[in-house]
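In the block that follows, a single chain appears as structure tokens, in the form predicted on its own.
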Amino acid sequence: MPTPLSRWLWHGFAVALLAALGIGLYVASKRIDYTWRWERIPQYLISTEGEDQTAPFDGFVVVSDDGKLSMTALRGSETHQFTGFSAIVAGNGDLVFEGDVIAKTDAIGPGPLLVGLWLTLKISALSLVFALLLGLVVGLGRVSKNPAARDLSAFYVEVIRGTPLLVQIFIVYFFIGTVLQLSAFAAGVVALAVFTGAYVAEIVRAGIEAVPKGQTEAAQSVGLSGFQIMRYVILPQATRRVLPPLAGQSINLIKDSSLVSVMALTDLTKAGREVVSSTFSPFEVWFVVALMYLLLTGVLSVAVRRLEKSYAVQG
């Protein structure tokens, strides 16, 4: 067993390696003559640009002497009063059309990177819920005594695990989504859930098969039905075994969600690309995006570790 001194030495060695990595990145940036502009990033996390007030219909802008802003319809007698604005963009008497920006309002809100992070969180959370449900059903089908259930479950698992996720996203979005009239968000959830569900099914199957056969035989000897054995004996023990691989698969799901950007969804990855195109600071943006993904996966890892400890105490 290592002594306290040796443990601190090894910790110091790890810190030194990380410091060397950081220095290496800095030296590499100097060699390619890259200028770091971290000051550009905060505005894409927290936006202070405010909100636009747009014309609700075609008409003329009216700015009164006391600074009040309103519109009169191009046709008819409809009018609209603007309130709460901080700056007027249009001029008095201007002809504007529906959707044109008339005024701006001061406001602090999430920038594009935080908006993309929120979309990534939503689509990952929903996909994970459906993937766990689908994986549980298919995993039970894999160990079922019914040949049809085993065959169908095996077919689903092999087809999904044998084809790339990106191809499945295209199929769901352009074919299934068109037939069923799914939104891009719904199609993304379906594609990620179906893909991850196949891996969850194999994790569930392996967890069930890892429970000793004697547990089933003991449960049968006291008169429990097949459903009761699975519900009260097998699944509780299998759950403890499948938590670590399920955590890893959940983390993979969060990272795989970056592929939904091909469906015109502004997730964290797509938001990062848009910010890069407007700032021309690719290194800073992608480091921040990677850190935000790391934040999501890190929180999930901590939650799963606490859940594992809870199960260990209960056991």
Partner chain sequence: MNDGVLIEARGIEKRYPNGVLGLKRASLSVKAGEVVVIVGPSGSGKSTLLRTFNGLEAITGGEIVVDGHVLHQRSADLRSLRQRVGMVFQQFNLFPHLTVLENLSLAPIKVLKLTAAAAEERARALLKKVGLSEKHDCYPAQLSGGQQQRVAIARALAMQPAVILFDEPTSALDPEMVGEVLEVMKQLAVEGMTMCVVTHEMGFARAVADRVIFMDAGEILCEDAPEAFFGAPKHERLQTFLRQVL
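Positions refer to the first chain, counted from 1. Since the model is a prediction, treat every value here as computed from it, not as a measurement.
From this point on, the text means the form predicted together with its partner chain, which you will not see here.
Peer 1: Classify Ala219 as contacting or not contacting its partner chain in the model of the complex by the rule of any non-hydrogen atom within 4.5 angstroms, answering yes or no.
Peer 2: The answer is yes: Ala219 has a heavy atom within 4.5 Å of its partner chain.
Peer 1: Test of understanding: in the model of the complex, would Val157 fall inside 4.5 Å of its partner chain by heavy atoms?
Peer 2: Close contact is absent here: in the model of the complex, Val157 is far from its partner chain, nothing within 4.5 Å, heavy atoms only.
Peer 1: Does Val233 make contact with its partner chain in the model of the complex, using a 4.5 Å heavy atom cut-off?
Peer 2: Heavy-atom contact with its partner chain at 4.5 Å: present for Val233.
Peer 1: Quick check on Gln215: any heavy atom within 4.5 Å of its partner chain in the model of the complex?
Peer 2: Although its partner chain is absent here, Gln215 would touch it in the model of the complex, with heavy atoms inside 4.5 Å.
Peer 1: Within 4.5 Å, heavy atoms only, which of Val137, Ala210, Ala186, Leu224 is in contact with its partner chain in the model of the complex?
Peer 2: Of the listed residues, the single hit is Leu224.
Peer 1: Have a look at Gln228, Thr239, Asn92, Ser144 for me and say which one sits with a heavy atom within 4.5 Å of its partner chain in the model of the complex.
Peer 2: Exactly one residue meets the criterion: Gln228.
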